[in-house]
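In structure tokens, the next block holds one chain alone, the form predicted on its own.
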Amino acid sequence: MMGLEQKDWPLMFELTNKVLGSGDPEYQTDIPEAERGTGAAARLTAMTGFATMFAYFRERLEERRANPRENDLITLLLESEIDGEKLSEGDLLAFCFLLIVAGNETTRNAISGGLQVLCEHPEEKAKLLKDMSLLDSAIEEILRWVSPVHHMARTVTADVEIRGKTLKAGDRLIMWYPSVNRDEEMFVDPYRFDITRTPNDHLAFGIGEHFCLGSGFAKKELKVMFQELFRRFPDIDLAGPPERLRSNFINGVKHLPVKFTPER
């Protein structure tokens, strides 16, 4: 969708891991091994990822200015106007960065986390394999259960009281998505994984003006992936414990060993 050459896709994967998995020693490849796992290593890894990503997209922006493309998000951003003004260079780079990082990290972790939870609940997996029309509701339950983003920070804009707690304008607060998606007042038996759950008003994509721009596309990705995965490998199962990303922001799975019968 962004028109990036396929040869650059592995680089986008690598840099996304550096930025969002900066605290994980596995992705601190630019740091001497003896220093990995420290706060300084995490900060340097994130800065390296940011700088390399922004430099890459600065080149892509120059290319599109010289040779605009149709159906290309980078060209679209360059041509967009708000109240008659073009986006600034900083805004353009931030948009490109957001679309690449948020557009791949969350979706791939929802897929891997979804496969993990389905394998850990074989009765639900069997129910889905028997009736793939349940896939849409299964995806909603996967999103609720996995909650690929742990939290997001917000700044209070006006004094308000919520359940006896006074919040002042300017206060910073953290919204924990795994917690809200297991709210006993919103979900019946919230700690039960149920692919037929309805209603399922989870907040994995946020809410209001901050609702995820790519939510519809993300659901389509998950749907196509699980349709094809279970069509080809219906007996896929875990072959060992998952190795999780060391992060308090992304609920990520780095490595998920599986076993299955190959296609014939």
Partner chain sequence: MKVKVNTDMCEGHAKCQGAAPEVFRVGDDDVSVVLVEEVSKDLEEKVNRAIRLCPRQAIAWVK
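Positions refer to the first chain, counted from 1. Here the structure is a predicted model, which means the values were calculated and not measured.
Not on display, but discussed next: the form predicted together with the partner chain.
Screening Ala51, Ile207, Ala40, Val224 for any heavy atom within 4.5 Å of the partner chain in the predicted bound form leaves a single hit, Ile207. Taking Asp235, Asp201, Glu228, Glu35 one by one, only a single residue has any non-hydrogen atom within 4.5 Å of the partner chain in the predicted bound form, and it is Asp201.
Although the partner is absent here, Thr29 is not a contact residue: none of its heavy atoms lies within 4.5 angstroms of the partner chain in the predicted bound form. In the predicted bound form, at least one heavy atom of Cys212 sits within 4.5 Å of the partner chain. Heavy atoms within 4.5 Å of the partner chain in the predicted bound form belong, among the stretches 65 to 73, 212 to 220, 51 to 59, 235 to 243, to residues of 212 to 220.
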